[in-house]
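A single chain, nothing else alongside it, follows as structure tokens in the form predicted on its own.
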Amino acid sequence: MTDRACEPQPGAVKFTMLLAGIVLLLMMVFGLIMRAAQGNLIELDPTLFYQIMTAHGAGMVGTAGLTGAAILWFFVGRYVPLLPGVYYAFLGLFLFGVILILGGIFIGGYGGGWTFLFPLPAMSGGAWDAGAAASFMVGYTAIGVGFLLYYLEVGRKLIVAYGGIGGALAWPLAFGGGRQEDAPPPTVVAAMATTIFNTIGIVVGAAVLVCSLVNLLAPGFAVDALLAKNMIYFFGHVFINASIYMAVIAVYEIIPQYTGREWKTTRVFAIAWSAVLLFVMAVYPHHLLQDTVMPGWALVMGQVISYLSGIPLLAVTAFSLLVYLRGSKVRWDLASALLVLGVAGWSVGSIPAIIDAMISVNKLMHNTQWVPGHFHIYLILGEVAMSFGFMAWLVKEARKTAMTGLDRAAFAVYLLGGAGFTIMFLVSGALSVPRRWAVHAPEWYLQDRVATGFAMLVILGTLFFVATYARGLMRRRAD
């Protein structure tokens, strides 16, 4: 069942990561443009700003999901046979959805943000027409259908191979008398949990997208705005978290190659992933703490579970990584350095997220730049760093040395840029600078301009990682 020589569609996965790297670069340039405009370094029409903001948000979240899906597919294929056609269909639907989304934004003028919050797509004040909003939401729906096909294939194969959902989640070990040597590998446990909660999240997202589309085309079709907001934020929170949980599989699979110590499924590991399965779906109300019409129990649940949700990450994956690295003679290279950075960034990013989930803090901070601060840490120093680490590992055999001076410089530049860029968001949030504003007051220019400089460093590091990956692919093909 564990044939490591039979990873499915390696060419498709490698193409996916190259495409994702290019898109990430473009989305980072969009982010640089927005920060420069907020700092009054360049002139940018507010209408175009919100279109770029929408494309940046949708593009970064979608690409994070795409890279996570490629990583999961690549490594799950070591344990169960996956149908190649499903991955190609998933990728085709994803690209088709991207075309519709970009058309809705840059041709139709849609600028309602990546969350398509009801009823904003239908109430643009003349900024865009119904066709642009429909194109955007149909594009999302196409991507969702692609992900559903993908997860149905992964889930079906894992259930068959490991004797059901409980077997794939290592429940006999976690809650029964099962033996550790009989438990599935960490990759299978993580893939099964992610498949379950992201399938549910995508189905909920698809449902609210369809309702919003019907309302857009037939305004007489009533949609409850509070229910729609709950469904949207449930979908959005689950999806972006699933992207990170899929990417961490690269850590479980690759780091043991450097430490010489296999990452094993322990009872604590299995229990932690079962907790993740529940927490990821139950924690989303912390995005709605300012909606006073929400039931009180839901807001309390969002706050309490926000505290608890960091435990599986910090106490299991991050702590376990430190244990695996301690005493191991790791020969550091770009891949291992980026993967470890990804776990560290993910862990650090959870702290401002937990702080914002406190109701008393949230009242002051949620609509400030504190929020993009914490999720940019999750992405730049977390999921995206893990994805770049996976890319570097895919082509490491094409490189003559483990870690060059240029590698170290690029890693340092990326780390410095990512840390500085995200800290500026947090500083601005602490000073009550609002988020999603195209035009900033002169008093806010300093943070914007400093952040712009750090953004350039992030882009420089990313350019090196993507170029190194592309060059490695060409070398391997030539060999």
Partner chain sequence: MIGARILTAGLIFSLCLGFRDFFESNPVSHVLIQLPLLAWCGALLAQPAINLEAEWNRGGVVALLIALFGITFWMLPRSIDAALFSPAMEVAKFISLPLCVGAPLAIGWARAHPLLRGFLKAQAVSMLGVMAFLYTHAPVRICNAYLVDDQLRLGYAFLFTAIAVVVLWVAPLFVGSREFHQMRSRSVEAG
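Positions refer to the first chain, counted from 1. The model shown is predicted, which means the values in this text are computed figures rather than measured ones.
Beyond the structure shown, there is the form predicted together with its partner chain, which is absent from this document and is the topic of what follows.
Chemist: Suppose contact means a heavy atom within 4.5 Å; in the model of the complex, does that hold for all of Val29, Met34 and Leu100 with its partner chain?
Modeler: The answer is no; none of Val29, Met34 and Leu100 reaches its partner chain.
Chemist: Is there any non-hydrogen atom of Asp182 lying within 4.5 Å of its partner chain in the model of the complex?
Modeler: Flag for Asp182 set to yes.
Chemist: With a 4.5 Å heavy atom cut-off, would you call Phe221 a contact of its partner chain in the model of the complex?
Modeler: Looking in the model of the complex, residue contacts with its partner chain include Phe221, since a heavy atom lies within 4.5 Å.
Chemist: I'd like to know whether Ile254 contacts its partner chain in the model of the complex, with contact meaning heavy atoms within 4.5 angstroms.
Modeler: Ile254 lies outside the contact set for its partner chain.
Chemist: Mark Gly113 yes when one of its heavy atoms lies within 4.5 Å of a heavy atom of its partner chain in the model of the complex, and no otherwise.
Modeler: So Gly113 does not count as contacting its partner chain.
Chemist: Could you tell me which of 157-165, 404-412, 102-110, 129-137 sits within 4.5 Å of its partner chain in the model of the complex, going by non-hydrogen atoms?
Modeler: Of the stretches listed, the one contacting the partner is 157-165.
Chemist: Tell me, out of Val395, Val86, Val340, Ile232, which residue has a non-hydrogen atom within 4.5 angstroms of its partner chain in the model of the complex.
Modeler: Of Val395, Val86, Val340, Ile232, the residue with a heavy atom within 4.5 Å of its partner chain in the model of the complex is Val86.
Chemist: If the cut-off is 4.5 angstroms on heavy atoms, which of these, Val268, Val330, Leu152, Leu95, is the one near its partner chain in the model of the complex?
Modeler: For this set of options, the contacting one is Leu152.
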